[in-house]
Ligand SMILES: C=C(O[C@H]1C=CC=C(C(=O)O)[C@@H]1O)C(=O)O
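Single chain ahead, by itself, as structure tokens, in the form predicted alone.
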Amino acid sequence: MRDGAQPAGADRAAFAPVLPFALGSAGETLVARGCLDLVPAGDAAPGERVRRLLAGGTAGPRLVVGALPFAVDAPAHLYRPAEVTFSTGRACFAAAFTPPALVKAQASPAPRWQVSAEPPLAAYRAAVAQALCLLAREEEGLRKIVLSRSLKLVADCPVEAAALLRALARDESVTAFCVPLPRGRILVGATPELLVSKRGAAVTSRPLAGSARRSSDAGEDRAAAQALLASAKDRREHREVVTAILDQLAPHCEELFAPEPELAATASMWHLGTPISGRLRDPSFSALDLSLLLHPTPAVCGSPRLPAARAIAALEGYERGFYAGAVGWCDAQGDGDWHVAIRCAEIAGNEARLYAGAGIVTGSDPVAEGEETSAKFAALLTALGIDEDGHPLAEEGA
């Protein structure tokens, strides 16, 4: 993973966060303001460059925050903030992203949106069919390919990233995140998936793979959950992810434990999840080192990793950027949290780019996988108050 930062003085001039960095969960929240230093470029691995930066005697937090892109050879975005606040629950999140006054001098009309599917749903289904052909031929040993599609949204006014973040954070089952990026862009999302967390020698990961859309009908919702838990196709897809993570962690751990998959729920989706835990042989191996070791997992790429990444580049037709990368933090002791950057949007002015993907394995159906991506768009679209065509959502009771 390369880090694309320039020398520190130029970095600070080129990068001025327009919003705080935030990771907000029901358990713990971090909010980081300002930027003292961007992690400098160099030949050393990012983890080593972060250690050197945080070992310096300069004032300020000894911690970096930021995002890793999906592509392992693309520039990461890591920086040392000027101020950091932790809280149990989401207290500091609420303080950093306060809602506007309830009474306004003049109410603003709701934004009007133009939505373009890139690629269109029909093209996405065709790409899934091509992926299934690759899997059937077992080309380069391929067992799974994760294919995504995006929605480009253009509003008639600037997109309010903070308002979107507040709406996403209402779902306490996810980790809401905000990552200010270079050139005034902002990555906003609500991820249910923990890539890795490290405290001392203790390491945890909670991969998700295998999904089903939730229903507002309680009976249908329970049936969808149980069907997912019993699905051989989804359990096979999930096993690919868990096995890859265990294989990567095993050489670095003296203990490692993974129970049977369990159901994990967000407001809009059911997932299969496995809480993995272990103890590191060398506690100096940092949370950032671990995230770079594990990323990208088969949950967002496929397996084997390199052939799956090549298939994604050939079939998707666009750069993922920070979608399906990781967002998080790491301190001078090596402790930190990194979450998989899914259910997210990259915002720039009047535009927002939304992403959603699905894992393709033998037995996948192109129509069903397309429907899964639509279900995964739902969290962001609902937070924006529109459907996949850009039409306002009907209010409850209307």
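Don't overthink the numbering: it's just position in the shown sequence, from 1. Please read these numbers as outputs of a predicted model, since none were measured by experiment.
The form predicted together with the named molecule exists for this protein as well; it is not shown, and the discussion that follows is about that form.
In the predicted bound form, none of the heavy atoms of residue 321 sits within 4.5 Å of a heavy atom of the named molecule. At the 4.5 Å threshold, heavy atoms of residue 357 reach the named molecule in the predicted bound form. The named molecule in the predicted bound form comes within 4.5 Å of no heavy atom belonging to residue 39.
Proximity of residue 211 to the named molecule in the predicted bound form: non-hydrogen atoms within 4.5 Å are present. Site annotation in the predicted bound form: the residue of 196, 299, 327, 308 reaching within 4.5 Å of the named molecule with a heavy atom is 299. Proximity to the named molecule in the predicted bound form, defined as a heavy atom within 4.5 Å, singles out one entry of 372, 331, 351, 365, which is 372.
Note on the interface: of 43-51, 25-33, 342-350, 60-68, the segment with non-hydrogen atoms within 4.5 angstroms of the named molecule in the predicted bound form is 342-350.
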